[in-house]
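What follows is a pair of forms of the same protein chain, given separately as structure tokens and numbered structure 1 and structure 2.
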Structure 1
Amino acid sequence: MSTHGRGPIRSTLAWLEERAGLGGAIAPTLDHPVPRSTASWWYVFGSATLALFVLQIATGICLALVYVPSADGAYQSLLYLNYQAPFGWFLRAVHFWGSNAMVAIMTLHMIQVFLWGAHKYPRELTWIVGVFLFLCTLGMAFTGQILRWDQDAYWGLGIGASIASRAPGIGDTMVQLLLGGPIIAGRTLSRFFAVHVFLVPGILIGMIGLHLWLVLRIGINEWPMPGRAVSRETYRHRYEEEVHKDGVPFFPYAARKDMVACGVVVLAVVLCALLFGPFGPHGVPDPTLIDAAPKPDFYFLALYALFALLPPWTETVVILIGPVIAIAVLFLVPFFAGTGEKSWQRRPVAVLAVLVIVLIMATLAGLGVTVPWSPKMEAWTAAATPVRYVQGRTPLELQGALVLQNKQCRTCHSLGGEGGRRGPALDGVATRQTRDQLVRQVLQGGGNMPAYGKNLSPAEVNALVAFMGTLRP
């Protein structure tokens, strides 16, 4: 091939093409015909998720250049990124908002695929690989939260480990695997760093390749028409026919909307990063501060709320078996609904299932935000003791009211409807507890209440209990 008379770029490209032949391999992919109906705004969530993944890799690599994956260096390196490294705060913010957006858009993608019947024959394997991708991404989200190595991460992981340790038989092994030892220590962080930076991203990249290969091989799902049921005998033939008669080249016809969507989500993430900044880190991890209230990022809020609301005796069963069943159901969806109607207009059960799940998750997540079991830290500063609880009290009892106010009991307990909701309201406590029980509760705590034994003088305890003894409705 002569390169005579061409520009330098073209001749370089021609040189490369003659040897690598990549253009020849990519061109049929870009030109391959797809059903005209797939050029829809409903079909952009998959590529938008991919765009966010690329953004996560780019920002993740930059962060890894500075982040110190050691128990005593991690927190400092995050502060360094936040306040000293040029644009460090921005990188952290984009990585954080990108991860949130990736989980959100991927969930939309999954719901869309399900409602449009794209998991049905012959795309079952594409769905299964997709579920793997979903789980891996949640794994990235969880391990990423731990790398934020602050109070929330430390205690969140502690809770995760204690859940894992309850698994009968394999509990201890699972904790060892998760933490790299019996307790959260330096090795734990190294482990999570390796998983977050090498292991899961590697799996993700491979699986995304497989997912896209399957999409290309089998073809993008046509727009489902009510009444046009999928059957194993006729489907592929009919699809080929439709693509031949009325297909359009994937690029640029169908890819145009994808590219716009990718641009929009990336811009939205950058905008959120600029407006809201990076998240955390919240407090140096400190194993001696047990009254932390770790709260997970939004995608785990629903689970967090669920676990908190479950009656304690159901927890072990539900926490250990629930996720296994949920994941199994996700994997099996294309097997018990692999053929038949594709359009959501003819699949009331499918639509109802999605609605119910989304409603439950949203409600639980909402509960997770306004958690009744977490302390309301501003409660004690704002709320005065209601007047009717101080009227006609002895000096000792009044002093007890002061202790209750000063020791910030109301971050967790309400009085006259004002205060935290982690502990029970104290309004009628005198009818529930004897004097001795009150003393014991204050000194020893228990059931999610810190022990105040060392922080109160005997005189203060005496006054406090005298005051609480007057609290009747």
Structure 2
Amino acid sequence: MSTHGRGPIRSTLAWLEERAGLGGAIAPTLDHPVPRSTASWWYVFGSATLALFVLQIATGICLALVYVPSADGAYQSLLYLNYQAPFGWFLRAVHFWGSNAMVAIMTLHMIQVFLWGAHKYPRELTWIVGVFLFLCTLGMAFTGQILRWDQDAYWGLGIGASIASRAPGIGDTMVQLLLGGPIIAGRTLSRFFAVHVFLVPGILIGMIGLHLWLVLRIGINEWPMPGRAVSRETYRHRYEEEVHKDGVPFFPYAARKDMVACGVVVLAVVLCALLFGPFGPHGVPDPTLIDAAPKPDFYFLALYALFALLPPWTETVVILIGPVIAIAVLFLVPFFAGTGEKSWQRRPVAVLAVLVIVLIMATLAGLGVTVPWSPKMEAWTAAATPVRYVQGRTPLELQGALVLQNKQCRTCHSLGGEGGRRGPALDGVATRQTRDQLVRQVLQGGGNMPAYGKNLSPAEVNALVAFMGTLRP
């Protein structure tokens, strides 16, 4: 065909199409029919997650050109990005907020898929691949946090290694595999850099390709109408009839809302980057600072809080078995509930399960933000006893105030709003416990409080309890 009269762009595209045939390969994908009901805002989470992944790849490549994956250079390279490299702070901020958004949107996508019954026949394998994608996304987020190489990253990795070491029989091997040696060192950072930049993204790209192929092969889940149960014998035929009678091409009908959603989430990430900037690094990693209180990013806050609040005797069992059971349940969901009703309106157990899990995770994450169990190590030296608590006190009560301060009680208990929050605030303690109860609590401990019977003399206990007896509203 003659190209006379065509513009240069059309001529170039025609030349490429004649030789590569890319348009012929892509057109069937764009034109494949989908149920009209799937052109809904509820079906945009998958495309939004893919857009965020592309954004992570783009910003990650730019950051990798500057980042130095060595124990003595990583922290400085992050400072260089934050304060010297042109737009370095912006790239770091977009990458950080993009990571958070990707985990959040993918979580919403999985909840929507489950409640809309899209894990049922014949889409069981699509769900399984989606679970793999979710776990890989969490893995990429965790390894990215380690690359910040600050106090949170160092001690968070130490906690991760401690958890891995508890695995019976293979604990030492797992620690060696995780750290590249018996301790956290430069080899550890190089290993996490390789996993974050090469291994996990490579797996994600392959899994995303498989996931999209399965969606095209089996079709996009139709809107779950109440009363239309899934049957292995009739579902495929009924779905094909529906698509044939009332189907629309994916592009542009269904793709419009996907493109809008992609634009919105990317714009939200950019706005968060501009408003809040990058996260960290927070202090050079120093193994001698044992009073550090490392906190993970939001997607692991619930686990962080759960592990901190567990009774010590349950830690190992729950840490090793709990995540395994949770992941196994995710993989087995389509096999336990692969047929029957799709609509959430007729699946009260599924809705209740989602609500309970979301409420538990949100509550634990909230506790993880406030860290009420973490002692404040400098409280007893930096936080003076408020004047109103010592005015007009007897010599014995003043001596008790000194005992309270010198014995570091303020590390775990607050007074006047200052101090630790591992234990209950001491304001008003005299209205909650009698003198005998206070003496018993100090001597014998209880709950999370250790016994101080061997650390305090009878005179100190008497003075301390006398002072606490004055602490009332």
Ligand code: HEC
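Numbers given to residues start at 1 and step along the sequence of structure 1. Computed from a predicted structure; not experimentally measured. Definition used throughout: the rigid core is the maximal C-alpha set that superposes within 1.5 Å between two forms.
The second of the two standalone chains is derived from the form predicted on its own. Annotation: Cα of residue 38 displaced by less than 2 Å between structures 1 and 2, core superposition.
After superposing the rigid core, the Cα of residue 55 is displaced by less than 2 Å between structures 1 and 2. Core-superposed comparison between structures 1 and 2: CA of residue 69 displaced by less than 2 Å. Once the core of the two forms is superposed, the Cα of residue 423 has moved 5.8 Å between structures 1 and 2. Taking the core as reference, the Cα of residue 464 moves 11.3 angstrom between structures 1 and 2.
Taking the core as reference, the C-alpha deviation of residue 413 between structures 1 and 2 is 3.3 Å.
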